[in-house]
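Subsequent text provides structure tokens for two forms of one protein chain, presented individually as structure 1 and structure 2.
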Structure 1
Amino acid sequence: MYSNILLTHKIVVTLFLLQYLIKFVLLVANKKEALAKYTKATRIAEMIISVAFLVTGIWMLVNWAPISTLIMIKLVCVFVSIPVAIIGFKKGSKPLAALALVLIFASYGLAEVNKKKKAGGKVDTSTSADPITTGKLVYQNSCINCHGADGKLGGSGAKDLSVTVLTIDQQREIIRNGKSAMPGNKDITDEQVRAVILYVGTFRH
């Protein structure tokens, strides 16, 4: 379900940005008549897109892993941008319309920065000889945000690892190539994959 919500969110966000970008271009070009016609023709679609944008975003927020400061700032940008855009286009204010677009684009820039920040905080796993310790470190690097420290968090639609009945081969396939909303881990070694499987196995003890 999460992967479907995520895909829907990405689609409506793209449509939302495209909609306001077209209106912004018409506004800046002083095409008032064309802007009025376009706004009238797309009013219902715009309402549906905006509602879908907010609903899918809120759903993912509720079902997401722990939220960072950057993500909180992103959310503020998104929620502020919508009324600013509505007022800006209604009053024909180019500065307000531009501010709304800047806030929207900035919000997704912050999301990317947040991802890179998490990636930059990875722990070195190359010095550990104990496979369980190695597995734990890799797990903390790549898995804990969604699966939780005990495998039961369920963030972003993640499965409960403490009750998994997957075979070792199935686990290896998912860890390496991902599944649904879970991304693959192409940058870890086969030894580290085996170590993660061993560590996750301790959740069922």
Structure 2
Amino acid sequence: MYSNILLTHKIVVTLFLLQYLIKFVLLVANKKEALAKYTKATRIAEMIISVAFLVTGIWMLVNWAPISTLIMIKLVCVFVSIPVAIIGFKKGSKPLAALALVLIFASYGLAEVNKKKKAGGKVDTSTSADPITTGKLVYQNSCINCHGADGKLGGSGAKDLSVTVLTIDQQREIIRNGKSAMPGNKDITDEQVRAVILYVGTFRH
């Protein structure tokens, strides 16, 4: 689920940037007619792309993103760039369109910086690019003995994870601090806790 959404988000973001770049080039080259034609021809596609961009972005934010300063800056860039872009293109203002372009690419660049920073960090499961992979590793290390590969084992009276109705916060609390026969996990990072919750979510059907 997460990997699919991440992939969709990446494709959509790339299309979004491409679309923006084409329009910007037309604007700067003073091809007003071509720009108007292009804008009209791609209006529906652009709407779909924008909605998919926001929906996948928000989904990941709610379900995963560790809210860091970098992500906050990225969000601000994206949300400021959208009205700036709309006004910029409507008025045919090159400076505004350029500003929007800078903002959009800045937020894209920040995502890459974030990834590099993580990749340069210490090598443990939390540096894996894909949280599902990280979550699976954590699960295999610390959870599988009681909960089983599909979450249903129920060893030591463990609950069936494929039918849990607990929220992410409630799960985090139990994973961190334990509950009755389940031991707490104090030695894993917040990121690993989030990853394992995400992985446990894949048991649901």
Ligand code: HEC
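All values derive from a computational prediction rather than experimental measurement. C-alpha atoms forming the largest set that superposes within 1.5 Å between two forms make up the rigid core. Numbering runs along the sequence of structure 1, starting at 1.
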Chain form predicted together with the ligand: structure number out of two
2
Does the C-alpha of L153 move 2 Å or more between structure 1 and structure 2 once the rigid core is lined up?
yes
Rigid core superposed, CA of N185 - does it shift 2 Å or more between structure 1 and structure 2?
yes
Taking the rigid core as the superposition reference, indicate whether the CA of E173 shifts 2 angstroms or more between structure 1 and structure 2.
yes
Once the core is aligned, what is the C-alpha displacement of A195 between structure 1 and structure 2? Give it in Å to one decimal.
18.7
